[in-house]
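To begin, one chain is listed below as structure tokens, in the form predicted on its own.
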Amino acid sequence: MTSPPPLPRPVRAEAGEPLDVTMTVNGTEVSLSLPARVTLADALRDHLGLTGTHLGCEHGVCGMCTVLVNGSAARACLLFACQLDGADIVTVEGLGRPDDLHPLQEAFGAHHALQCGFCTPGFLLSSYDLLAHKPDVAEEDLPVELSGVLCRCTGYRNILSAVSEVAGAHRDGIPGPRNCGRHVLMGHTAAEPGAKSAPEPVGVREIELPQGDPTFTVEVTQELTASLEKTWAVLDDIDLVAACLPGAELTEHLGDEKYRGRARVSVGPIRLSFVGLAQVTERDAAAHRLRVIGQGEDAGGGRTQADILLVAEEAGAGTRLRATAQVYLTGRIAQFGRALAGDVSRRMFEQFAAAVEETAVSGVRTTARKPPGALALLAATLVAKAREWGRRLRRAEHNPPTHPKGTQR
């Protein structure tokens, strides 16, 4: 790397004493009050929700935490946040958007240079720094120039190929970051000078579902003891529906069957907080059908969009509630495997159905349910596995395997 290192300001403070620091992160000015010991990496991850900056060795050796500080690559684990008052920071979240990736991100994907993805943010920003300061770099020099990031897995040669391709395509200068602008970062966004109102929250745009196949589809059926009429009375009231959704909160009625709200999802150490819109696109009282589309975004650039159909049917004295959801995930939430995302969705629907039943039977608005946690998911998965093993064992007992004539057992 040929760029000079950033020049952090000298700071003197007592242990644990909070210090005010104002930085521009991915184009957004943020003000934080942090103890002097908090590193830039921890400030980005823990205080601003920008978990794309990965921590490996935490000694400045591996390069996983590389970010841009005042336009030059720097180790976020070696810089204290309080030293960076007035600095301009760009993280991997600022490099590109899911719908407008940076050429480096496009090339990494095209060359299968991602592998597990842990080193990817460090390689992307180190590569950006290299091509921004040395656009005429020779292909044979790339291993040395990128040696500051240590990962050498099976995707390493593909990383070099991706960087070489971008270098060849942009000899006159690499395009700048494409996702640096006004964002809401974990509630720490500073007001713009002269601003008369709070910044517009993420997720206030129109709902636009992707045209392609969903990330996954969930179909769940639940039997309820509540009658069909009482169940539909709950589904026909959007405030009651929102109250029954785990981790969800309806914050505003926008008219024309549109609503604004927020939702939280927690899976082990991963905690996501979405704000967004929902719209009822079908409400058929005769058929007891309710269709809702929605989209939400979190501060880290993750987006979830869904097309959800709820159908209530009479089942004896009770109700059969069916839900079909087509879910689209982009950004960091897409790191969830489809199986895990499907399990989370199913557990959430089970909690939703239980809340609908409780509200329908009692006639009392149900308080918001907590989103499913890691232990609940693990327990539910183990129970489901045990049931599946039990079914296989019973099938094996009733249908012993047959062996072709002449073969040995």
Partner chain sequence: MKAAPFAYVRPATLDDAVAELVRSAGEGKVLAGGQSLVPILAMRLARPSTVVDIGALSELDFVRREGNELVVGALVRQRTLEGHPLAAEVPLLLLALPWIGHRELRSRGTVCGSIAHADPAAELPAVACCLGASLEIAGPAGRRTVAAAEFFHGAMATSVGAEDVLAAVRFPVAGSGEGFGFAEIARRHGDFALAGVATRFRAGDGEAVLTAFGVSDRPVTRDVTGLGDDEVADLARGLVDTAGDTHGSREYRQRLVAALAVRELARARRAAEGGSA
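Model, not experiment: these values are computed from the prediction. Positions refer to the first chain, counted from 1.
Heads up, the form predicted in complex with its partner chain isn't pictured, but that's what we're talking about next.
S126 belongs to the set of residues with a heavy atom inside 4.5 Å of its partner chain in the model of the complex. Residue contact check for E58: one or more of its heavy atoms lie within 4.5 Å of its partner chain in the model of the complex. Put simply, L78 is close to its partner chain in the model of the complex: some heavy atom of it is within 4.5 Å. At the 4.5 Å threshold, heavy atoms of Q83 reach its partner chain in the model of the complex.
None of 144-152, 109-117, 232-240, 217-225 except one has non-hydrogen atoms within 4.5 angstroms of its partner chain in the model of the complex; the exception is 144-152. If you check its partner chain in the model of the complex, you find a heavy atom from every one of A13, L19 and H133 within 4.5 Å. Among A360, L44, V69, A353, the residue placing a heavy atom within 4.5 Å of its partner chain in the model of the complex is V69. Scanning A325, A74, C244, I174 against its partner chain in the model of the complex with a 4.5 Å heavy atom cut-off leaves one residue, A74.
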